[in-house]
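The form predicted alone is given below as one chain in structure tokens.
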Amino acid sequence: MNRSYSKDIQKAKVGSAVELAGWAAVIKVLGKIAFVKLRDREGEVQLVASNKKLINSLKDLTHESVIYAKGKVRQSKLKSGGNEVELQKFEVLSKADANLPIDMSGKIPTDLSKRLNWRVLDLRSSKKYAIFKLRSAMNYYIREYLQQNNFIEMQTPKIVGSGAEGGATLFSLDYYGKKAYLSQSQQLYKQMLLAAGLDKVYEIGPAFRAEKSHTMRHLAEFTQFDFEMAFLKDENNIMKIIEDMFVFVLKKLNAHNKYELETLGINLNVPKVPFPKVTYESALKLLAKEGIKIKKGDDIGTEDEKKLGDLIEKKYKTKAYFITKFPFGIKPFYIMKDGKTYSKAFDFEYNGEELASGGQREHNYEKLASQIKEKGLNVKDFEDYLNTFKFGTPAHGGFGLGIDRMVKNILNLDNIREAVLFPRDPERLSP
């Protein structure tokens, strides 16, 4: 079958023969004429039947059935214009049960939890297709930027003997009679790869956190983009890469994904570089002026983070910025200290949420072992990792960025679960 997609019909020559296949989204049989709106991953196109035999074959057609259609392209008589297809041949490839568990028209609001229960049906819409085509594009553009800048893609283990962030959020499992865990982060492995001499590495892969979070921005299983580079001067080198890469991705989306952005009603404004750098203490002072008091050494909570984003946008006219110079006490053991109290860590914020956390890493063996103890962790649990730093490790740094959260914020989605095909949270283990 020389199949065309729905979007191709709008570019096709009037009178040309086409073949299509997809799902019956809308069905209207009106006496001597019948209409079927065929949906595929590229959108929707109207099929028109005026032949009596074809009209009769459409009478028993159920919504969401898989159909094949052959016909000729003609100009639509609708006010919206465009092209439609005059049916010459029609076949039901797979008939759908008429009792659909969720409303597919979008006219009746359906609870997100119920939609996720029937995710295969929920995904059958032009807007959902647009979300995941854009997500795919973002991953592609990230890789494109990094490959152009001499980075090497890696794949690290997802079954590990210890956690990168500590034991509180680890999923444990039995590994041939030994206790093991699902990986929280690629962090420790990417540092080891720099010590091996690979210089610039990255990974886009799954990570797991056993946090009992029920927010619109947290998941138990998520896709993490991790990046690490050696021979840097300080954490500013990493922030420069994030700026350039993020702008590269947004510009590519505007240039190559206009149709999907328009489908979602998204108008992407590309932030100017350099992004503002706001120290942790300055952020606390900005919030304090608005009556939000955060104790020095405490994390900035979700709602306060959104408020801070609004304040930064008002002051600097941008949704993208960095929070820098965090206290070491609220950052992981592998972050390099900046004096006794602070660290060379940063967060990358966009649209009122943290997208990435990173910084320069500690590469001195004795200091790193001391910091592991300082965080109340067992040095023996990190023996393989620590041994890496005994044999010459360059100054290095990097970050971890949540792909799901990036998609959510770039596309202005209400809930992170909308950015994931089959999300996993404390309550959901299926489908």
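For clarity, every value in this text was computed on a predicted model and none was experimentally measured. Residue numbers here begin at 1 and follow the sequence given.
Another form, the form predicted together with ligand ATP, is not on view; read the next lines as being about it.
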I'd like to know whether Y129 contacts ligand ATP in the predicted complex, with contact meaning heavy atoms within 4.5 angstroms. no
With the partner left out of view, is I416 within 4.5 angstroms of ligand ATP in the predicted complex by any non-hydrogen atom? yes
R217 within 4.5 Å of ligand ATP in the predicted complex, heavy atoms: yes
I'd like to know whether Q224 contacts ligand ATP in the predicted complex, with contact meaning heavy atoms within 4.5 angstroms. yes
If we take heavy atoms and a 4.5 Å cut-off, which stretch out of 134-142, 105-113, 208-216, 267-275 is in contact with ligand ATP in the predicted complex? 208-216
Among D199, E354, D234, E281, which has at least one heavy atom within 4.5 Å of ligand ATP in the predicted complex? E354
Would you mind checking 281-295 for residues with a heavy atom within 4.5 Å of ligand ATP in the predicted complex? none
